[in-house]
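Here's a solo chain for you in C-alpha cells, the form predicted alone.
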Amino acid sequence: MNSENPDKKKCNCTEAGCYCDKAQYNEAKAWELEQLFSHLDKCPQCKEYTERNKKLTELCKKAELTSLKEEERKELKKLLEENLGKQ
C-alpha cells in the first residue's frame, strides 16, 4: 500500500462505504481508493452499494439539479410560515 496510508489494516464495510462516497466526489486519497478496490474484490454487498452509488450520481448529473438562491429560500420560508400560520 501507499506509504501515505496512516493505517495499513484492511478496511471494513463502513470504511469502504465512506471511501466509495468520497470517490464519487473525487475526494478520496490514493490509499483510500486502494483499500476500497481491494475490499470490493471480496465483498459483494459493498460492490453492489458502489454500483448503486454510481448510478445515483449519474442520474443526479443528468437531472441537472439546482438549488435555490438565498433570496429564493428566504421567500419560500416566509411563504411557508405565513401559510402554516393560517391553519
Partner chain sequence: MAENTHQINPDQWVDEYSDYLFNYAIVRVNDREIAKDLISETFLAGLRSKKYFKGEATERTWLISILKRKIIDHYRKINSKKGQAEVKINYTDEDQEGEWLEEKVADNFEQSAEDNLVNNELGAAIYDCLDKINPKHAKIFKMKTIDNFDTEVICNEFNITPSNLWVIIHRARTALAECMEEKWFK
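Under this definition, the rigid core comprises the largest set of C-alpha atoms superposing within 1.5 Å between the forms. Numbering follows the first chain given and starts at 1. If you're wondering where the values come from, they're calculated on a predicted model, not measured in any experiment.
What comes next is about the form predicted in complex with the partner chain, which is not displayed.
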If we define contact as a non-hydrogen atom of the residue within 4.5 angstroms of the partner, is E27 a contact of the partner chain in the predicted bound form? yes
Should K69 be counted as a contact of the partner chain in the predicted bound form, where contact means heavy atoms within 4.5 Å? yes
According to a 4.5 angstroms non-hydrogen atom cut-off, is Y49 in contact with the partner chain in the predicted bound form? yes
Is K55 close to the partner chain in the predicted bound form, meaning a heavy atom pair under 4.5 Å apart or at it? yes
Contacts with the partner chain in the predicted bound form, stretch 64 to 82 (heavy atom within 4.5 Å): E64, L65, T66, S67, L68, K69, E72, R73, L76, K77, L79, L80
For a quick test of reading the superposition: does K22 move by 2 Å or more at the CA between this form and the one not shown, rigid core aligned? no
Would you tell me if E71 moves between this form and the one not shown by 2 Å or more at its C-alpha, with the rigid core held superposed? yes
